[in-house]
Every structure is written in structure tokens, then in C-alpha cells.
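Here's a solo chain for you in C-alpha cells, the form predicted on its own.
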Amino acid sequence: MKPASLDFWHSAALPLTTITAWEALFDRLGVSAEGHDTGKSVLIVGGAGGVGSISIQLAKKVAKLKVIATASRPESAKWVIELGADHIVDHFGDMPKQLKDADFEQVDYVLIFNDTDKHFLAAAAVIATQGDICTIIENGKPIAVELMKAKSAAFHWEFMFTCSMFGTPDMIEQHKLLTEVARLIDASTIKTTLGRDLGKINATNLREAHQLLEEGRAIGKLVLTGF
């Protein structure tokens, strides 16, 4: 169901990333959607992207977590702060050191929405004992999950198409979570993640959208409207 308070293009920015973020946070990591984990910490790698943008809001406004989001440019840092991030670290820098400098020796949860190969070692270093890491990005080389053994930490995958691909019995939950997010938007608890409307669907605008994504410069979700 589309949020009543949004037009179609602001609504179009939400469904795929929202399902991914909700399942990663509440289903894979097991964070309470009722606020029972209030005060725990989550590191969101790729905070200014489409999935990161909705994850920040869900983690802060629904789960009541302390949110550390990564951002590497002034404009992306401003974006994640406006969405509710409590702290920012630069994913191009030494994340464990930056977290320690911000008084986070460890974090309870890590969400990786950008380059698993590059960021897994940092995630394994900062994850708390019996903590959880979840990624949505396929790895290109073996992941050193053995680094998590001493901490009894867990590693999870999230793929929003799993339910539809395999016809899982809980497919209806994706409908339910989107309905709940529509309610949260209409209540002004969270907002759309539309970062930029690139105009009509044509070859020129599609090339621009792909270029922004390939260069890692997209903030929020990109939307094209009409032909």
C-alpha cells in the first residue's frame, strides 16, 4: 500500500530498499522492532545509499538504537545526520580507530551495504562478543568468518528476493512490513529516501543514473519518472 502522504515517485524510492533494510535489521540481526534493544549500537556501512538511508531511520526511530553510519563526503554526511545517525565514520579510513575515538570499542550489530570484501575485516574487528553482522553485497573472495569464532559472533546474508524465488511460507511478511512502513511515513516518523529525481526515463537520464551508481556518488534513492 502506497503511503497516503507521498506521491508516486517519492513512494517508488522505498519498496525494494525498505524490504531489504527491514529484513536485514529485524529478521537477520534479530533486532527488536518493539524497542527492546534500545541503546544498543549498530554500524551501518554505506549509510547514504538507498538501503542505508532507510536502515538509519528504522534503526533510530523504530529500534531506538545508537546509529553509527559511514559517509565520506560533506553532502553524504549531512544526509545521514538528517536521517538520524548519531555518529559518522569514513569508510575510506580506519573504521575501528574512528569508532574507538568516538568511544565505541565495539558495536552490537554491523550492516554492510557497501563492498563486503573491503569492509568485512573492519566489521569483524569491531563486532561485539555474540554480536551479529549482516551483508547484502556478494563477496568476490573468501570471507574470513573464522575471525568471528572467538567472539561467537554470527554472520548473515540478506536478499529480499529469497521469499519470492523459493516460495517461502512467510512471503506475506513483506506485504505486512511495507504496510507498517507506510503507516510510519504517514505518521511522519520516517520519510522517503528519494535523493534525486533524474527526470523522464530516457537514454540520457539512464546513463546519468548508472554513472552516479558506478561512481558511488548517489545519495539516497534515484528515481526516474515517465517516458
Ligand SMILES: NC(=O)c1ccc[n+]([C@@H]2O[C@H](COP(=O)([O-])OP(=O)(O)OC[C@H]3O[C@@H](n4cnc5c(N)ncnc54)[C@H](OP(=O)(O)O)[C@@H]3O)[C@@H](O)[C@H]2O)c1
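Don't overthink the numbering: it's just position in the shown sequence, from 1. For clarity, every value in this text was computed on a predicted model and none was experimentally measured.
Heads up, the form predicted in complex with the ligand isn't pictured, but that's what we're talking about next.
Looking at 121-129, 102-110, 139-147, 153-161, the stretch with residues near the ligand in the predicted bound form, meaning non-hydrogen atoms within 4.5 angstroms, turns out to be 153-161. Annotated contacts: K40, L65 and I133 are all free of the ligand in the predicted bound form [non-hydrogen atom within 4.5 angstroms]. Contact check for A59: no non-hydrogen atom falls within 4.5 Å of the ligand in the predicted bound form. Using a 4.5 angstroms threshold between heavy atoms, R73 counts as touching the ligand in the predicted bound form.
The ligand is not shown here, and in the predicted bound form it never comes within 4.5 Å of any heavy atom of L206. When contacts are judged by a 4.5 Å heavy atom cut-off, H91 counts as touching the ligand in the predicted bound form. Taking a 4.5 Å heavy atom cutoff to the ligand in the predicted bound form, the contacting residues in 29-58 are V45, G46, A48, G49, G50, V51, G52.
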